[in-house]
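Just one chain follows, in the form predicted alone, and it is written as structure tokens.
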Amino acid sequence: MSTYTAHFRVWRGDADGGGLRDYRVEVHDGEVVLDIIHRLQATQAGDLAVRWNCKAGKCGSCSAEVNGRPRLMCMTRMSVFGRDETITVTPMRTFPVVRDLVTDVSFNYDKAREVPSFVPPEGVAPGEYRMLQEDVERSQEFRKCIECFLCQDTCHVVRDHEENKKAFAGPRFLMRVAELDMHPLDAAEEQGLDRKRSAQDEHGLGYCNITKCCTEVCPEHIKITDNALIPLKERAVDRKYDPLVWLGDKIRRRT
């Protein structure tokens, strides 16, 4: 097993401020950035705060920014960096720092609560749901989300504009709206909830300018922009501006 010493720069501090500190840390073959952070805790910085859980890329806990790119530390192999390269690890920039690499991601849970849940069809019990696999596949991809919030972190609508957070749900939760809108059994519209309109008016769909940065950082390789946000935008525009759709809605309401 080959071993070398890497140069790490890790952000240390809290909500009141902080800065980057330099460390020289031992690296072994096959390790990931989270391994090095743990070794750093064990040997040099016992008070370093970092959030993690599964170390298998499934819990989404160890989100951070490595050399400026939002990543899961447990899925970022040291082999992708040169041995003489300085590796900078900082907390997610979009969310308030709690301490060191730990950020307050409660913004995301607040946004999750604002999205109305699945509305079951009237008169159909849960065990009686019947759906074509073709319909299920449209939104099944979105259920792979591990809620690492890297897409939320990299989205420049909130990353660079704090004032947008109140009006914009972010790609993760617009994807949730799209998933429910595509659900073949969701009866929200029959209950008076227009998910397409709420996506536009309440969750800030219009703020998204489809740069695909959210898709690029997704560790589950979900095509957030192409398969969720763009189709949702198309549906919202059709509902709002298509005269035939508008007329059809009027006729349906009369009947």
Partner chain sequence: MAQVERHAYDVVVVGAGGAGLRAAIEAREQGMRTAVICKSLFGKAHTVMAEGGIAASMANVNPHDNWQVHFRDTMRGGKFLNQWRMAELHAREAPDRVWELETWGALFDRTKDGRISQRNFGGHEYPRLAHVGDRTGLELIRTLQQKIVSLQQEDHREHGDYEARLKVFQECTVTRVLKEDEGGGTEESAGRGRGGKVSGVFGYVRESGRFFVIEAPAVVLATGGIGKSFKVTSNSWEYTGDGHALALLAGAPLINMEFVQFHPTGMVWPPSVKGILVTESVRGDGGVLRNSEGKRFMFDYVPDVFKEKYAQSEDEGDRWYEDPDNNRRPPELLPRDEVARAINSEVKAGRGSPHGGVFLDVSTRLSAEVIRRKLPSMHHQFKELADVDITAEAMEVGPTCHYVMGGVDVDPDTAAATGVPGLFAAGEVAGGMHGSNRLGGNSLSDLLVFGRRAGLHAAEYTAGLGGARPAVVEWQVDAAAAEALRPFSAEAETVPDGVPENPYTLHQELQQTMNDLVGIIRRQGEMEEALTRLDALRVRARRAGVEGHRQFNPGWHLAIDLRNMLLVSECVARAALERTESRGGHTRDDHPAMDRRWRKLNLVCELSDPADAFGEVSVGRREMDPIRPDLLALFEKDELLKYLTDEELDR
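Positions refer to the first chain, counted from 1. Because the structure is a prediction, the values reported are computed rather than measured.
Although not depicted, the form predicted in complex with the partner chain is the subject of the following passage.
- The partner chain is not drawn, but in the predicted complex it has a heavy atom within 4.5 Å of D35.
- For C74, a non-hydrogen atom is located within 4.5 Å of the partner chain in the predicted complex, even though that partner is not displayed.
- At a distance threshold of 4.5 angstroms between non-hydrogen atoms, R69 is out of contact with the partner chain in the predicted complex.
- In the predicted complex, the partner chain stays beyond 4.5 Å of every heavy atom belonging to A188.
- Every residue in the set Q41, K58 and R130 has a non-hydrogen atom no more than 4.5 Å from the partner chain in the predicted complex.
- Shown without its partner, the chain has R143, K144, C145, I146, E147, C148 in segment 143-161 as residues with a non-hydrogen atom within 4.5 angstroms of the partner chain in the predicted complex.
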